[in-house]
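Shown next as structure tokens: one chain only, the form predicted alone.
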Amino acid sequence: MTHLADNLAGKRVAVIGGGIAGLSAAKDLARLGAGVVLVEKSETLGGHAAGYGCKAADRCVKCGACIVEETIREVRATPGIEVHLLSTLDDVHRDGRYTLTLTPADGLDDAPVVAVQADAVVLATGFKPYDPREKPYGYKTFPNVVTNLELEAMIRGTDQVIRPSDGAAPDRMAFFQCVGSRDAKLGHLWCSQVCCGSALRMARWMRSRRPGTDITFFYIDVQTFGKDFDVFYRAAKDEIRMIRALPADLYPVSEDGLKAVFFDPETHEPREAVFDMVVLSIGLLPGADNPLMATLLDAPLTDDGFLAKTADSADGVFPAGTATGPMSIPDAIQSAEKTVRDVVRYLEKN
């Protein structure tokens, strides 16, 4: 560690994106002796993951939500990190070092334009949540249809789950998986990796708080997650009704109920079920800033629009975290750690 810190003395790294991957990379690079410029376009650090709630019932379920707050505190306490909030990367010039022009976010007309220099750049621009309004589930039309991100925020903010229509606790809930991912019609063929684990953790958390809550989990197949997945999944199946099908439609019924129409995989017949509240597990899409990063920094994109992973960069540009594809909070941290090692190797040679 000391050897690396000595070698990084005088080096400066720009980290674009203040989500969990960007925070982790900024913290580790600063502790290794590099000066870090952390650029975040929103007014707070943490990205989407900062809105996640702890889903521990009787013990920790390794969802990673608590890691985000801890990492934000560590970043703010680590010397050598210069944070620019409400700032976007607008232009890049390279003459030996990078000169990055940071412009204020929309609505901050009086804020100054800032130019910062860096020897390397980490692109941790995150992901874009899928907008489910184009799906036939009544999102933003039926008040009791919410996304998994909105449910995460509800758990985090109130430590309970309530129906938006009347503030009552739901008795019959459903989770619809793969909304906006693994969808050939949309051209989104990838799995979003985190949805199964997140939804099942939230469902079990709800059952621990209100054991009488009836929860149905509609899915294509369940992606494994975590080293204790088998044990967790067996327990989940004992508490939650699992139906391997995705509803085709959702209709409002009396008293703010929601009727789901689906094909029963066991009877091979169409079926209907009524719920008080429906949660859409929405897909993780390529970040909205990826095309701009590709243009400004010659960062290659995958066919799906994510930033292509790279270990060796001749130009000193390194993508990290969900900018390169869907992943969980722990996986994003591991991605950032690997990226830091790649950046260190680059800086030691340049």
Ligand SMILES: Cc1cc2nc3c(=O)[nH]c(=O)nc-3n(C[C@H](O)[C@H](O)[C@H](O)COP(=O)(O)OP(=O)(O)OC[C@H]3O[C@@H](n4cnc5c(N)ncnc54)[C@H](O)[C@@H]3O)c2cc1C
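A residue's number is simply how far along the shown sequence it sits, counting from 1. Keep in mind that what you see is a predicted model, and the values were worked out from it rather than measured.
One more form of this protein should be noted, the form predicted in complex with the ligand, which is absent from this view; the next part is about it.
Trainee: Consider the chain as shown here, without its partner, and state which of A299, V37, L32, L284 has a heavy atom within 4.5 Å of the ligand in the model of the complex.
Mentor: Contact check passes for L284.
Trainee: Even though the ligand is not shown here, does V340 get within 4.5 Å of it in the model of the complex, heavy atoms only?
Mentor: Outside the cut-off, so no.
Trainee: Report yes if any heavy atom of G316 sits within 4.5 Å of a heavy atom of the ligand in the model of the complex; otherwise report no.
Mentor: Close contact is absent here: in the model of the complex, G316 is far from the ligand, nothing within 4.5 Å, heavy atoms only.
Trainee: Does F127 reach the ligand in the model of the complex, with heavy atoms at most 4.5 Å apart?
Mentor: Yes, F127 lies within 4.5 Å of the ligand in the model of the complex.
Trainee: Can L149 be called a contact residue for the ligand in the model of the complex at 4.5 Å between heavy atoms?
Mentor: The answer is yes: L149 has a heavy atom within 4.5 Å of the ligand.
Trainee: Just one of 159-167, 230-238, 265-273, 84-92 has residues with a heavy atom within 4.5 Å of the ligand in the model of the complex, so point it out.
Mentor: Every other range fails; the passing one is 84-92.
Trainee: Which residues, if any, of 10-26 lie within 4.5 Å of the ligand in the model of the complex when only heavy atoms count?
Mentor: Those in contact are I16, G17, G18, G19, I20, A21, G22.
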